[in-house]
Every structure is written in C-alpha cells, then in structure tokens.
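Let's start with one chain on its own, the form predicted on its own, as structure tokens.
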Amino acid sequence: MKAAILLPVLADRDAVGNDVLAMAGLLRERGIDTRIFCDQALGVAEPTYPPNKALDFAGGPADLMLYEFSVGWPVALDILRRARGYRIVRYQNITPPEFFAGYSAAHVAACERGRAEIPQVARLDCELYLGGSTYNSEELIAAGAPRARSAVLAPFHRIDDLLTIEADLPLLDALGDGARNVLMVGRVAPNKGHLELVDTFAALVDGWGDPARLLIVGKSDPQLKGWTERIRARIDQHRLGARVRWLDSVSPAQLKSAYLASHAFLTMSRHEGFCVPVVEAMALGTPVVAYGSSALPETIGGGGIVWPEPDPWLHAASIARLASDEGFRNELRDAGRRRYQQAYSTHALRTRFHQVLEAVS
C-alpha cells in the first residue's frame, strides 16, 4: 500500500498542516510509503509533490488517498473520483459565509465555494469519512455521507511542544503584575465572537471590579480590517482601552506565557469545528469558560465551564467565581488536564488513528 495525502496548502504551525504532518508520520510508522500532494508548501521541511501526480503514486486498488477537506478545492474532487483504492475524507469544517458578509467579499466567496463542495464530497461514497469532531461528522452525514462509514478523530496538534518548551520569561513577568488576565486565543475573524468577548470582559470589570486585563492573542487579517475596527470600537465603547492587550503574532514561548499567566481562558466563539486553543488551555492548566456553540461542548467535555447561552454576565460570573474560589479553580484545572490526557494527548490520538485506519487497511 502507498498513501497520498491531499490538501491545497501545507503550512508550518497551521492547524491543518499539523494534522496532515502527524498523520503522514503515523502512516509511515505502519510501513506505508506516504507522500503529501499540495499546490503550495510554506515553511515546512516535508517534501511535497504536485497534486496531478497523486494518482500516479497512489492510484492503485490497494492504495490509500486521504483528502484533508477544509476549503473548496475541485482538484481533490477529481482525484477522489478517479482513485481506485481506499479513500478517506478528513473534514475539519468550513465556516459559513454569512459570518463574513459586510467584511470581506473574498472570504464570503471562499466559504461559499467550500461549503458548496460539502454535498459533492459527502456523496463520493468514500470508504471513510473522518470528522475532527462529531459536529463535523454530522454535517457530512446530513449532506449524504454514509453514517456506517463515518468516524471521529480529533485533530493532531503540537501541544507536546508547548508543554515542554520554556515560557517567555519577559512576557510572563510583564503579565504577572497583579492583574487577573482573561485570555482569548484565535484568529481575529467574525465567527470567533470577539464582540461578545469584549462585552463579557466589560461585565466582569463593571460587576466585580476586578483588576482585570483582557489578552487577545491572534493574527489580524488585513482583508477583515472592518471587523478589527468593530472590536476596537466596542473596547472604546466600554472604556476598556487600558485593560486590553493585543498580541498579534506570538512565538510558541510567548503563547505558553500567555496561558500560564492567565486566570481564565474565555471563548465566546460562534462557530468552531473543534478549537485547538481550548485544548491547549486545558493541557496547560488554564481554566476554560466557553459559550457552547457548534463543536465547543464536545471538545471541552467535562474539562471546563460551558454555558448554552452567550450571556456576558453569566460568563463573567463564572470567571469571578474562579477568582474567589481557589478550590473550584483547582478542580477545573484538574478536570481540564484529565480531559486532555484522556481524549487529546498524543497517545490517545495515535491510538484512535490506528483504530479508525483498521477499517480501510
């Protein structure tokens, strides 16, 4: 057996890229000659190959074709239709385009293209549809994928690296000045709920008078400038400017410092296919408080506080309790670490990957 992994872009320290590289390594451990086929590779040492060569390499009846489906890419649909061997679709979800309406026509168009391919992918009758969460799998099943050939495997990640590296000490010192840090990690995009995040932080400050600071870690997209401006306007509306610190581009060591220095990780995101930052927070012992949209209740499990409504005061009250109840805070930290070890540790994901692979090998 040979295995070809398909995706449009393979990028270093990207969630999709991390997932692909880990799966390629595990396939090779099984003795399967594996190559990655993409249009573009950015900052990775892994050799890659042009997609039009994928069938030449792994197009036989005993071969494996794995498609990492996270954007629209007609090239992959054509390859999967012509492949004669085992086909796996790895689905990480595609953001609904309406989140970007009024901010970026390019993002709307890209999301529309991607979501238009969901029913096409679902009806390819592949041997396995592998969702990054039950939420993702159910979306494919609703579009026509066979439930009997659907399974769930959480995304592979690089949290082991985050656990072992040294934190950035200057940033850790700067954030350890007595303020209670409330952290959000994620790209600055309309589906991530930053306006509700700011409203919740304002409720915390107004209702409990905490010496609090909001840390917003995530890259801003120039094409979504209007969204970033709305967030800043909401911060100004609440007169929180001095209490908000933006960290646009951070190193892994700085990211670790942000988690370690934070009193709570707060996400009010409105759409997630999984949410790796939540898992990072649980692994590093940062208590999680979340609005339970999309895949978030499943990802968090019993490892954090999840509310079914995006009520700012409800979430702020949870953060305030974490400040006043050390026993509860320690219980939540322990619950998060257990959730990570049981469901998302490297050992747990490797074991699950080998289990699901048995269906097609």
Partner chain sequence: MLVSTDSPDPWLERIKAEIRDEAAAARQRTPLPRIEPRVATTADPAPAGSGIEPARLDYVIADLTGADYGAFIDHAFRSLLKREPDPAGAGEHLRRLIEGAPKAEILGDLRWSGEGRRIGARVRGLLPRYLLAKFARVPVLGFVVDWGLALAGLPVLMRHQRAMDTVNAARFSDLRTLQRDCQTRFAGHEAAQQALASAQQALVAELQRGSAQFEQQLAQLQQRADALARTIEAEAQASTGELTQLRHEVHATHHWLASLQQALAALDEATAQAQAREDALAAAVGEDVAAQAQRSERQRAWSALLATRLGTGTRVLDLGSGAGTWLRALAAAGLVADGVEANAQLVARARQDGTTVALGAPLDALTRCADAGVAALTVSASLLDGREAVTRLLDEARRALAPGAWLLLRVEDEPQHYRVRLLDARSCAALLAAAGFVAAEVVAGHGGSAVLARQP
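Just so we're clear, the structure is a prediction, and the values are computed from it rather than from any experiment. Residue numbers count along the first chain shown, from 1.
Note that the form predicted in complex with the partner chain isn't included here; everything after this is about it.
Although the partner is absent here, G302 lies within 4.5 Å of the partner chain in the model of the complex, judged by heavy atoms. Taking non-hydrogen atoms only, E46 never approaches the partner chain to within 4.5 angstroms in the model of the complex. Residue contact check for I36: none of its heavy atoms lie within 4.5 Å of the partner chain in the model of the complex.
Among heavy atoms of L64, none comes within 4.5 Å of the partner chain in the model of the complex.
For the partner chain in the model of the complex, the listed stretch (162-170, 105-113, 202-210, 278-286) containing residues with heavy atoms inside 4.5 Å is 202-210. Comment: the partner chain is not present in this chain, but in the model of the complex one of H263, R234, R158, R243 has a heavy atom within 4.5 Å of it, namely R243. Of the residues R123, R81, R239, K219, just one reaches the partner chain in the model of the complex with a heavy atom at 4.5 Å or closer; this is R239.
With respect to the partner chain in the model of the complex, the three residues T95, F100 and H354 uniformly fall beyond 4.5 angstroms at the level of their nearest heavy atom. With contact defined as any non-hydrogen atom lying within 4.5 angstroms of the partner chain in the model of the complex, the contacting residues in 300-316 are G301, G302, G304, I305, V306, W307, P308, E309, D311, W313, L314, given in sequence order.
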